[in-house]
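A single chain comes next, written as structure tokens; it is the form predicted on its own.
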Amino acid sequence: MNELIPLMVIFPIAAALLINLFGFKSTFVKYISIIVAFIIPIIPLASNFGLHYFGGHAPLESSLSGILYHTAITYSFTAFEQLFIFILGILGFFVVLIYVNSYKKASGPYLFLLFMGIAAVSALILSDDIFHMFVFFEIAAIVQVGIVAASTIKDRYEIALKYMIVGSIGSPIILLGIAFLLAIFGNVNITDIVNMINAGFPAASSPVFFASLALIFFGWLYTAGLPPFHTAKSGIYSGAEPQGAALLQAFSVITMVSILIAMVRIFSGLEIFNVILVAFSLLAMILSITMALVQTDFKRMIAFLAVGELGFIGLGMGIGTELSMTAGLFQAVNEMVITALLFIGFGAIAVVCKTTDINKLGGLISDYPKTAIMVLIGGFAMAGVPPLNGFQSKLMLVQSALNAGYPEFAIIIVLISIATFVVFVKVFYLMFLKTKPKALEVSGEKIPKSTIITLAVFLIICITLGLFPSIATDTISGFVGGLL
């Protein structure tokens, strides 16, 4: 076993507890946070691929069925998990860098939440135990509420409370679905459940199995922020600090992908699964772009677009071909980077202008040209403009939809990409190019170098993955091949 695999979860948890314990020592907290954030993306690169059985309990083979049963919580670490955890670590490092450079006094509890969130979603994507996933799913949900409540944004407490109330509905429902699986199979290890289904376990066609799909799927909608939870999810993005919102979106993406992969493995034999997955994904894409088009608050607009982009992931997984699933998961990687760039870039403008209303802004390109250009390119990446990474994943989705015999899906993808492009052109013009309103008072405050560096790094990643998509798609397609 590779002892570095659980360290991807244990290390940020231990660091979070240490930081919270010494939260009153601001200088110490800043230095230790930067060191920890720097180490986190190194751990997955240093780890060997394989399985880790907690407690050293290897699987046992049934003398009757010949099926291996995992008696311990199992973590599976492949190049796929490495890709997502590494990207998460990079995002986490720059989010922490921006935070410690933006505040004279660092908040131990706030940094505690950031690192606990990183640990929770890392555990989610590593775990092969669906109940273990639920435990860290709950931790991640609480962390998201805490990050919003700890921000300085107006109405943050109301936004956090609303999301917590919604979570009090979604979380018990997903737990009930897991309980149904336990009742059917007597097991919560995903690999064991899949093996029993493949062996023709009769209860896999029972009404209780369908009920477990319905319950887990409903909880997954809450996790991903797809309808009917899209307004609540967009609310927490707009209610968080810019760097916090960037990390929150990464948490949502990895949580969504982790639970979705678990559902694909368990329920892909049910035809209804792909139907409802495609239906809710398309609904999220259409509703979110519609709501983004009518926003005058640019943070809220980005929040709705971020939720809508998750629909592309679900659509790719729902079409169910190797190309479409690879495209959907590649879209997930791109979404983490692009949305972080936009949340941080637009957030920096909000800080210096003291407003997020695009009707009160204008002429800012003369004050902040570097930020303006990088935000614009980030918007183009989200809209799918070549040669950026968003173009590559959406082009793959269009190709996969056409190859699978769903030209209507391809048309919807293209139309929503065009609408996204229109939104960004409109917002960019109103914020940066139109005549500066007389009432607008720009503080003259410079955007911190740490923010500019972060935007530049994220932009380089977008361009690199756009020009050389195989860096990610080769790894993802190999993983998808194992799912099908």
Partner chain sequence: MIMDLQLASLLTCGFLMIIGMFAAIFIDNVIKKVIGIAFIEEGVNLFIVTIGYKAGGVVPIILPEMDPSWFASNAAYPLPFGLVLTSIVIGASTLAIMLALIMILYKKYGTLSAKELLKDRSKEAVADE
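Numbering follows the first chain given and starts at 1. Quantities reported herein were computed from a predicted structural model and do not represent experimental measurements.
Below, we refer to the form predicted together with its partner chain, which is not included among the displayed structures.
Residues within 4.5 angstroms of its partner chain in the predicted complex, judged by any non-hydrogen atom, belong to 139 to 147 and to none of the other stretches in 284 to 292, 232 to 240, 259 to 267, 139 to 147.
With the partner omitted here, the residue from 405, 186, 207, 369 that has a non-hydrogen atom within 4.5 angstroms of its partner chain in the predicted complex is 186. Among the residues 179, 373, 351, 410, the one placing a heavy atom within 4.5 Å of its partner chain in the predicted complex is 179. For residue 104, no non-hydrogen atom is located within 4.5 Å of its partner chain in the predicted complex, even though that partner is not displayed.
Its partner chain is not drawn, but in the predicted complex it has a heavy atom within 4.5 Å of residue 134. Contact check for residue 228: no non-hydrogen atom falls within 4.5 Å of its partner chain in the predicted complex. At the 4.5 Å threshold, heavy atoms of residue 168 reach its partner chain in the predicted complex.
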